[in-house]
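Just one chain is shown here, as structure tokens, and it is the form predicted on its own.
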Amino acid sequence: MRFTQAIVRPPAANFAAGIASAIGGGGADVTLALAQHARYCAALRTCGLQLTRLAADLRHPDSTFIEDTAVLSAGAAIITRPGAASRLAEAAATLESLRGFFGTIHEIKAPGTLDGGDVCEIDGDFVIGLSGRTNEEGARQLAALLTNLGHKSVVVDIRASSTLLHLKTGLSYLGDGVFVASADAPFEDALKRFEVIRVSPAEAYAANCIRVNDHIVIAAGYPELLAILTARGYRVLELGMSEFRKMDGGLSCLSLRF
């Protein structure tokens, strides 16, 4: 599927006050984060996308991670219900921005929680991750909605992993039956039909990359994965992601692409 649109939201001035785990460490430089976000947006345009830019939101320091607020399929948008209490209201702005693009919009309801970062699309089918942010009821609701829309889905429990905040922290789909996954990610059963490029523990962060039309966008500073993808003939764009990594975010987190 070729993407034509993306919705993005720049980091707010209080971005560094967002949620950060011990893995990310926190302490983001907001000025550098804004510069990195601008280069991210430029890369999406290079890949052929038109951007809808939402205003930065001081009420929600994590709101630049807009992926968590919706799951998009060919026929409908599904507004999520983020698992962190401080992020519950973020989805309202996403809902309004999607009305102009999707005629059908569904919403995850309480007591379900669901972060979009826990959902990976595979050529029209979906993998849903149970995590600290996505609970069983949220996964059940999403699976039911996807079934009604004609999509298959499988649920993977990642709650025992100390290195995965979200499913897509350690998993990316490149298309054509190929995944990138972190070395210790528990995805064997869900991915047994596919080819999996495993990144080394030292390059675990690079497992969160994105296929955008004819390009693969990866975080800069991971030469092993860069070499693998380049050798396979992929057109690779590298982007600095240091400040988003500090706040547990990755490349997929920063946009909704459709």
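From 1 onward, residues are counted along the sequence shown. This one's a predicted model, so the numbers in the text were calculated from it and none came from an experiment.
The discussion below concerns the form predicted in complex with ligand CIR, not included here.
Residues placing heavy atoms within 4.5 Å of ligand CIR in the predicted bound form fall in a single listed stretch, namely 158 to 166, out of 158 to 166, 98 to 106, 144 to 152, 182 to 190. Interface residue among 12, 236, 19, 239 relative to ligand CIR in the predicted bound form, by the heavy atom within 4.5 Å criterion: 19. In the predicted bound form, ligand CIR sits within 4.5 Å of a heavy atom belonging to residue 253.
When contacts are judged by a 4.5 Å heavy atom cut-off, residue 248 counts as touching ligand CIR in the predicted bound form.
In the predicted bound form, no heavy atom of residue 138 sits within 4.5 Å of ligand CIR. For the stretch 83 to 121, the set of residues having any non-hydrogen atom within 4.5 angstroms of ligand CIR in the predicted bound form comprises 87, 117, in sequence order.
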